[in-house]
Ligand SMILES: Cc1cc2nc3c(=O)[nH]c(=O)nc-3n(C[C@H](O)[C@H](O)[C@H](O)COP(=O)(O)OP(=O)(O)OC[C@H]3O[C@@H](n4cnc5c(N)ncnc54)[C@H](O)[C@@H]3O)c2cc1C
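Given as structure tokens, the chain that follows is alone and in the form predicted alone.
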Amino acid sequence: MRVALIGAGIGGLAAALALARRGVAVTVFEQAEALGEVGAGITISPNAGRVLDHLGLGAAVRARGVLPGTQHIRDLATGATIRTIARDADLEARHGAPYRHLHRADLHALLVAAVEAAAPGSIRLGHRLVAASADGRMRFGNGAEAEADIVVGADGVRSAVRDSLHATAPPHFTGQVAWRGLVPADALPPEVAAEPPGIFIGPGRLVLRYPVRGGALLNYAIFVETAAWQEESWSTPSTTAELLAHLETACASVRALVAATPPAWLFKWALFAREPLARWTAGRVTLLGDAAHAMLPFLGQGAATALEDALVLARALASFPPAEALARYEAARRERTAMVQLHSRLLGLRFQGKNPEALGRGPLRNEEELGLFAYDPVTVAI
């Protein structure tokens, strides 16, 4: 069997590695001319950690990542703690898999090295997919053509694979713009750098912050209700002045975090919501990760669900004839990912409600309370 994966992101590389380890011939087609350090922070929760343990990368993730300990939900205006959540060694012990914050580029580099070791020469750069057909044929912007027994679209929210084969409703703007930034810890006042990880919540505003790279950097994402920007690309540069204008009533520590951001490390993008697809598979072609189920970021499960997809797909393709394997993969994954999409949207609304104090009472309905951490892609029935 020959499997082509479109996109050398986290999901595509994880699927390539899982397949190569099972003796399947894989080729990864990536539109970028080089694989560099892109992105910011990423959370690996136990459901995703099980995949990385299975792929032999768990020890490296534990070593490179940061175990957050206790996360705080705080009032954006006052900085007062509303609620605490344990994200410590006890949580890892209960689930038997890592929970870590790390730089996305660090995880990406681990996957690239592992794929190149398992399937040397399988990553082909400079291949932007123009069209894919249900019979496994692919055409690229550089004039190249290819064919595979199975084609997997792991090419993100703007998936060319999905758009080639599926009629989908256009995404709708949520009325929110997100900013992401990285700040050297030593550029902050000591009391701000030492604050616990977690979120600040307020009407129409949400701030997420946590350490990466051993605490040398602080990663943050800030969500603001505004229609001032409606471009989905997450690599559009912004300025601290632009972001601070939306945080005039935020507490001093949040404003200090933004003010210390190096100009080259601050970007913005508009948040668009997508309805779950009725089908992921057409003939020999299926979808994975954001291409199949792009979701809002409020549960922190975008990369985690892509890693889940990757391993379930590899298990199916290694165990069943191709057509049956794709059907079993989709059946095993579509309901779960649709549920995560829905609850991520709902949690975002709660985080940015008019009464932040209400989040301190009753069930939170976050990823652990929803049972997301208990999911095991290594053993789930397919």
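Being a predicted model, the structure only gives us computed values, none of them experimental. Quick note: we count residues from 1 along the sequence shown, nothing fancier.
Not on display, but discussed next: the form predicted in complex with the named molecule.
*Asks:* Out of the stretches listed (81-89, 151-159, 278-286, 188-196), which one is close to the named molecule in the model of the complex, meaning heavy atoms within 4.5 Å?
*Replies:* Residues of 151-159 come within 4.5 Å of the partner.
*Asks:* What is the one choice in 49, 65, 68, 39 with a heavy atom within 4.5 Å of the named molecule in the model of the complex?
*Replies:* If I apply the 4.5 Å criterion carefully, the residue I get is 39.
*Asks:* Tell me, out of 243, 183, 177, 129, which residue has a non-hydrogen atom within 4.5 angstroms of the named molecule in the model of the complex.
*Replies:* Exactly one listed residue reaches within 4.5 Å, namely 129.
*Asks:* Is there any non-hydrogen atom of residue 234 lying within 4.5 Å of the named molecule in the model of the complex?
*Replies:* Close contact exists here: in the model of the complex, residue 234 approaches the named molecule to within 4.5 Å, heavy atoms only.
*Asks:* Residue 217: heavy atom within 4.5 Å of the named molecule in the model of the complex?
*Replies:* No - in the model of the complex, heavy atoms of residue 217 and the named molecule never come within 4.5 Å of each other.
*Asks:* In the model of the complex, is there a heavy atom of the named molecule that lies within 4.5 Å of any heavy atom of residue 303, even though the partner is absent here?
*Replies:* So residue 303 counts as contacting the named molecule.
*Asks:* Residue 6 near the named molecule in the model of the complex, any heavy atom under 4.5 Å?
*Replies:* Taking the distances in the model of the complex, the answer for residue 6 is yes, it comes within 4.5 Å of the named molecule.
*Asks:* Would you mind checking 1-30 for residues with a heavy atom within 4.5 Å of the named molecule in the model of the complex?
*Replies:* Those in contact are 6, 7, 8, 9, 10, 11, 12, 29, 30.
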